[in-house]
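Next comes just one chain, in structure tokens: the form predicted alone.
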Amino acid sequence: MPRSTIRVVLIAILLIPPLNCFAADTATLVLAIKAVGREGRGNREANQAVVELSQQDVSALPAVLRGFRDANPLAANYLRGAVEAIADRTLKAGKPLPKESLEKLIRDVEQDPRGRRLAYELLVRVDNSAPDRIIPDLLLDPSPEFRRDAVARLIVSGEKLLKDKAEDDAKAAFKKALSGATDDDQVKTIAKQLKGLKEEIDLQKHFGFLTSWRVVGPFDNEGLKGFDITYPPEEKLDFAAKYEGQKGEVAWDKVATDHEYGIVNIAKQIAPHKGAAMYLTTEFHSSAARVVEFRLGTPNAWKIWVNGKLLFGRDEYHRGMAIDQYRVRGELKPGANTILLKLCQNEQKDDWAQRYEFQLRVADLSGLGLPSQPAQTTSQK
């Protein structure tokens, strides 16, 4: 929201007389709540707006739920409180909630997932048939929470079909579930069932892991100094170049992984370098310009660039490693996009500090893996 708009809204709220003199319109109250910021900025106005909004008629619910769009976390909490207050007062009075409007909002994927989910929770309170009617349609929904619900139902269905000896139908249910699954626990459950049914599963492809890379190093990271040093690959990618590395001259090489979760293990596949920095690069081909998330897992310090632009970095070691541990938003251009990763290892000698590895995938903003088009191997000439 533009700052000028915020200032206008705050001034308007400050001019509101004491409660019960008149009620501000729903849109104005929602804007006042969404103007709340850090360190208490706008809290007094937002609190007053919540009180007034909570007293509005149930017909205001859809507008308040749409207000979750672009709301910061604090504002979303305020809005949730107002929604729940309106709904609770309405139900205690024996009046109905606007079921048709709530379902319409739930199915509107342009709305904020938080508002859609709250609308779903309200609808379920007054309509027991809502889950069976709505959730199966949300298998590929932008909301990971709705998608998880849809996947869970298909897993249950597949398990029941297995018990009934309907293996072909069970296989179809599990394969359909996999198409919408991004949570690791659900994917593992589905993969186990499909493998038991003799169905091959390509988790690399499913998650969108990048598995073919060019690599160069090691460069010096003794005393943890390498994270901030700009080594030549950060300035220009020249695959014919040779550089002065930590232990002598280094040149670009190739590395690929067949690990089902796309893990590139530098210590095993290249060398167990200590106090070192390595650079890895690959290309991702996109059919169109789009905003995506680069989802990284690593126990090492790291930086990531896309098309020469530094997106983010974290100078931290041995925090553990998990799929989608770090999520970095960035933009892809149509065609080839160059991804450069800097991975640093420290000098600790403890057994638990020897992991030097990473996994990286490209996903849409909801977590669904995106394939590189054409195949990654064509970029590694």
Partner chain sequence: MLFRSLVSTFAFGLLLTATQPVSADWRQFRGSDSSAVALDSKLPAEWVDGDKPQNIAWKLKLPGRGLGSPIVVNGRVFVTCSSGFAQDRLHVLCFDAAKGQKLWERQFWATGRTMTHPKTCTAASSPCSDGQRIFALFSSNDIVCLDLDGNLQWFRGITHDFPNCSNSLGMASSPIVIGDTLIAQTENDADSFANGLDVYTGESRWKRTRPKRASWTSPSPLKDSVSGETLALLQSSAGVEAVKPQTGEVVWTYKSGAATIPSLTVSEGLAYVPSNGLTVLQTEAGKSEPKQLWNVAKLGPATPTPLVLGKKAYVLGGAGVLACANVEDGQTAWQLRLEGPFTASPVATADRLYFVSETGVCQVVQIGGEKGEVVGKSELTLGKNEPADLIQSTPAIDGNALFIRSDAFLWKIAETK
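Because the structure is predicted, anything quoted here is derived from the model rather than measured. Numbering follows the first chain given and starts at 1.
This protein has a second form, the form predicted in complex with its partner chain, left out of what is shown; the following refers to that one.
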Contact at Tyr261, Pro272 and Asp350 by its partner chain in the predicted bound form, all three, heavy atom at most 4.5 Å: no
Looking at Thr338, Gln354, Asn47, Ser59, which has any heavy atom no more than 4.5 Å from its partner chain in the predicted bound form? Asn47
Let me know the one among Asn265, Ser179, Ser101, Asn77 whose heavy atoms come within 4.5 Å of its partner chain in the predicted bound form, would you? Asn77
In the predicted bound form, is there a heavy atom of its partner chain that lies within 4.5 Å of any heavy atom of Arg214, even though the partner is absent here? no
Non-hydrogen atom contact Glu145 with its partner chain in the predicted bound form at 4.5 angstroms: yes
Is Pro334 part of the interface with its partner chain in the predicted bound form - any heavy atom within 4.5 Å? no
Wondering, does Arg314 line up within 4.5 Å of its partner chain in the predicted bound form on heavy atoms? yes
Exactly one stretch in 149-157, 81-89, 194-202, 237-245 has heavy atoms within 4.5 Å of its partner chain in the predicted bound form; which is it? 81-89
